[in-house]
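As a starting point, one isolated chain is supplied in structure tokens, in the form predicted alone.
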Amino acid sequence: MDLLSVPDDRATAGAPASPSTAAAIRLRGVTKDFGAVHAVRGIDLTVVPGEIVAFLGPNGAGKTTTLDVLLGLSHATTGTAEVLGLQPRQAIARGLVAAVMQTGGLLKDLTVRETVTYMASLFADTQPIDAVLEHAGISDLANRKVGKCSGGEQQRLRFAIALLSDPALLLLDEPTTGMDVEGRRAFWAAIRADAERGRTVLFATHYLEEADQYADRIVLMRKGRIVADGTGSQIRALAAGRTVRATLEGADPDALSRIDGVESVEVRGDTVLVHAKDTDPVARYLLNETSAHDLEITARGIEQAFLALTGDHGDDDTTATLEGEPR
């Protein structure tokens, strides 16, 4: 099956495009080889200004290599990459793009304010120091040494630094690593507020539920290719089937496995989980033929969709078609 890329009319037409009217990200036929290793195998991707896009995939899928191309740290072997209508390095040089990486880039002996002030000195024009500290939720940490900050606090410091140039495009790599629940919620509230003002955000994360909850759109990569691109609900729908959970002492997994449409059975103490394409026969069997109670039927979640779409299918060409879109 063929996965259709996002159509070009998501971005304003015209050439040359100005940063204010161009697609925030436009990749066309991008490949990246490292000798015999094909890290990225021909991807097309368009992201419009103001979108929050989650970039997901297992280790080795090509996410980091793609981000490197967008940051101008690496050149595509073939294909074209544009950021806000410019070559990636041109966009970086103009301060239109900023990145929040997972590790590195901080001096432990400086305070939070000293760190942001120092980084601001490297730019010709920046946002006020107090404003970015407040936006990143670390105003109360301004006088704390970086080395005394937690991992989540250091990540919010990197976010503050990224905001200095007031970038039009923000690239985030595992942005909430180390943050507690409250910190994550505050971080994504700030990101959403930025997106409503037109800032584009592309983030890579291993927190699948976070991607499902906060992204406008999810892009899944596997083996250097985009295998799915759509809203969270569209991605979840690609994991066909449902799960029946019930309380049943002494469940017989072999008997349950023989029911038509059952894909797998898990027994966890007195709880049984049956994954099936059609859960009606499973529910009837459990209610009529066993002592099962407390039945619960749920649709597959984002994790199941992720595993189904990015697992090893024995080939390199499996892609998904979103329901309702032409092939």
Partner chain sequence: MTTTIDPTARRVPPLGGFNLTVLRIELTRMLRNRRTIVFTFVFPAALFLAIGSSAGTQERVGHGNVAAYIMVSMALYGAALTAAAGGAMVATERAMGWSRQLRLTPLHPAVYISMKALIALILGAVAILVVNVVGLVQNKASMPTTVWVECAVLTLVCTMVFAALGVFVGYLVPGENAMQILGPGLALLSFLGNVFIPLDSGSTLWDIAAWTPMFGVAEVSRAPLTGELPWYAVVNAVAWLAVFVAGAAWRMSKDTARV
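Positions refer to the first chain, counted from 1. Definition used throughout: the rigid core is the maximal C-alpha set that superposes within 1.5 Å between two forms. Quick caveat: nothing in here was measured; it's all calculated off a predicted structure.
Same protein, other form: the form predicted together with its partner chain, not shown, and the subject of what follows.
Contact annotation: Gln234 falls outside 4.5 Å of its partner chain in the model of the complex, judged by heavy atom distances. Contact annotation: Asp68 falls within 4.5 Å of its partner chain in the model of the complex, judged by heavy atom distances. By the criterion of a heavy atom within 4.5 Å, Gly104 is counted among the residues contacting its partner chain in the model of the complex. Residue contact check for Glu134: none of its heavy atoms lie within 4.5 Å of its partner chain in the model of the complex. The candidate spot formed by Ser74, Gly95 and Leu110 lies fully in contact with its partner chain in the model of the complex, as each residue has a heavy atom within 4.5 Å of it. Screening Met119, Leu141, Leu248, Ala190 for any heavy atom within 4.5 Å of its partner chain in the model of the complex leaves a single hit, Met119. Contact with its partner chain in the model of the complex, defined as a heavy atom within 4.5 Å, holds for exactly one of Arg185, Arg89, His206, Lys148, namely Arg89.
Listed stretches are 225-233, 163-171, 207-215, 249-257; the contact stretch with its partner chain in the model of the complex is 163-171, by a heavy atom cutoff of 4.5 Å.
In the core-superposed comparison between this form and the one not shown, the C-alpha atom of Glu174 has shifted by less than 2 angstroms. With the core held fixed between this form and the one not shown, Leu110 has its Cα displaced by at least 2 Å.
In the core-superposed comparison between this form and the one not shown, the C-alpha atom of His75 has shifted by less than 2 angstroms.
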